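What follows is a single chain, given as structure tokens, in the form predicted alone.
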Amino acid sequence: MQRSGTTRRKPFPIHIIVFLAPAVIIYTAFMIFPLLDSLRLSLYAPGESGEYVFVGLNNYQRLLTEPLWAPRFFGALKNNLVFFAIHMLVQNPIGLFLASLLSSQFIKGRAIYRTLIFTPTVLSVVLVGFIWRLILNPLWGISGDILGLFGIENQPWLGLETTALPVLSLVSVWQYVGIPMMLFLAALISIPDELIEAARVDGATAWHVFWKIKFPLILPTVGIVAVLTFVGNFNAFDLIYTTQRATAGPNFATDILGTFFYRTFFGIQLQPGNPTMGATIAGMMLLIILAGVLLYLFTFQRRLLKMDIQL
């Protein structure tokens, strides 16, 4: 018989470890360990005998200051910022607009439209890149016929330094606009109908209902979409590599940090691979992504928490 005043200790939840262990082991083996090993490799450089010697942060200094590395790095960083800005200013607003339309009960066939818009997201990036190269080909692509209807002269869009990166950014927007649309749609659907009906009874228009009621309530989702867009675009590689190869032509106009890392680490044509400098570029990518996520957590996220407390 248990004595009064004593508490029975709960058994340790071993089942949680059993369920989490496979995922933790796989994630550690294929994500955490390669990441830490890449950071370790960035602190070394090939010695005279061919063995790696510890050089500390010297590789990072070389990447940011030496004429051999700095122009290419800052050029790739600038292109990455442009790539990210186009997604933020084009993809996410379009995704929000489509989500607001498809959340309306007056739109018939909403499930069909959602499926059609989200379908490009699950397509292979290699397939998407190949198809768009055919479409944008100035000789036999159909882009010239379509643009001719609007009075726009056809050009080698992927062959010009001024248009290659914006065009590829819009191709990426076309493929992945379904992701922010679905996230925004889930947030809009979760808003209680009573709030919307009360606003309409008070005479609010659809525009005021969206900006005064719906948009403030989905601000946490807006922040999450912004962070996912930032992380995804600074990890981008496959579309540029598929369409422009590792050289990121023309004349490095589409070179982003992902292609710069690949070209440096593995080498290309007459350029031999340099694993230590490639790992350094990967380390800089990690620092940039980490800085962006921390900026979101300590600015946007804190403001949302303050708003929730006030409410």
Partner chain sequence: MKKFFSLVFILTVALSAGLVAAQDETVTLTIESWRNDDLAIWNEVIIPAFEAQHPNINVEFQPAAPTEYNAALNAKLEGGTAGDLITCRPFDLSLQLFQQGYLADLTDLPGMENFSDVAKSAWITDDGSSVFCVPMASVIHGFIYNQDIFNELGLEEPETEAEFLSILQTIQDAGYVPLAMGTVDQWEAATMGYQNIGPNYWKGEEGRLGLIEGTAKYNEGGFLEAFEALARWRPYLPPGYQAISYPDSQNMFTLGQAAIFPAGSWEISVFRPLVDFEMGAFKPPLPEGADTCYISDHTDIAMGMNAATEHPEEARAFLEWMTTAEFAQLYSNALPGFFSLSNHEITVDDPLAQEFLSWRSECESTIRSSYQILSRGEPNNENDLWAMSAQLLNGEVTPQEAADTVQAGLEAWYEPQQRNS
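Quick caveat: nothing in here was measured; it's all calculated off a predicted structure. Positions refer to the first chain, counted from 1.
Keep in mind that the form predicted together with the partner chain is not shown, yet the notes after this line are about it.
- In the predicted bound form, the partner chain sits beyond 4.5 Å of every heavy atom of residue 59.
- For residue 212, no non-hydrogen atom is located within 4.5 Å of the partner chain in the predicted bound form, even though that partner is not displayed.
- Not displayed here, the partner chain is kept clear of residue 77 by more than 4.5 Å at the level of heavy atoms in the predicted bound form.
- Residue contact with the partner chain in the predicted bound form: residue 44 places no heavy atom within 4.5 Å of it.
- A heavy atom within 4.5 Å of the partner chain in the predicted bound form is found for one listed residue only; from 138, 71, 93, 216, this is 138.
- Heavy atoms closer than or equal to 4.5 Å to the partner chain in the predicted bound form belong, across 158-193, to the residues 158, 159, 160, 161, ordered by sequence position.
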